[in-house]
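Given next, in structure tokens, is a single chain: the form predicted on its own.
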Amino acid sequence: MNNLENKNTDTEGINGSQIKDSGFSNLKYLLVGIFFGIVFVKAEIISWFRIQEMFQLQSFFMYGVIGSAVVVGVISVQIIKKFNIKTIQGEKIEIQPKTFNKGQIYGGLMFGFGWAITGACPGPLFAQIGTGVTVIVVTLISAILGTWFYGLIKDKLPH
């Protein structure tokens, strides 16, 4: 039975796939993660010093990386919408409209302060740990606990 025949009626969130991958087929995500980790290390995107240069406005490097990612993302979304591109499994890609609320400002500020203080955002945490910067384990645990705590209190927060 292939993945297209193995449809699940439950979704995993708004963008959840209806198709369940087997554990072995998830190997592709590990390989892509390793590839991105190597790229992050070689491009110095995970460098604490590069991140500090950015927050101290001493270097354009990280702004260029982030700006390039935003441009690629915008172009990619427009191409997906224009040509009605589907996933590898043939599912329609639906991009849900986002509504603004002031909590996004507070969350963004907290994220930025945490990024500036620790020199790490969630993306490259594992690459930093993999390069031997083991003190980042504290940041990883903090990120996991922060996510868990938010899930615990999110229904009690003002909208």
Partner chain sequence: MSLIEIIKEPWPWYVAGPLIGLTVPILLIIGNKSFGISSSLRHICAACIPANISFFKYDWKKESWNLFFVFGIFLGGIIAAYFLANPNPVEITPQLSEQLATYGITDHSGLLPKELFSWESLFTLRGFIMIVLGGFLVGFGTRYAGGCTSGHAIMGISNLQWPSLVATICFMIGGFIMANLILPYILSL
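In this text, rigid core is short for the largest set of C-alphas that superpose within 1.5 Å between two forms. Numbering follows the first chain given and starts at 1. As the structure is a prediction and not an experimental result, all values here were calculated from the model.
Keep in mind that the form predicted together with the partner chain is missing from the display, and what follows is about it.
Can any non-hydrogen atom of residue 81 be found within 4.5 angstroms of the partner chain in the predicted bound form?
Although the partner chain is absent here, residue 81 would touch it in the predicted bound form, with heavy atoms inside 4.5 Å.
Q. What are the residues of 28 to 49, in order along the chain, with a heavy atom within 4.5 Å of the partner chain in the predicted bound form?
A. Read in sequence order, the residues that approach the partner chain (within 4.5 Å, in the predicted bound form) are 28, 29, 30, 32, 33, 34, 35, 36, 37, 38, 39, 40, 41, 42, 43, 44, 45, 46, 47, 48, 49.
Core superposed first: is there a CA shift of 2 Å or greater at residue 130 between the shown form and the other one? No.
task = Tell me, please, whether between the shown form and the other one the C-alpha of residue 101 is shifted by 2 Å or more, with the rigid core used for superposition.
result = True for residue 101: a C-alpha shift of 2 Å or more.
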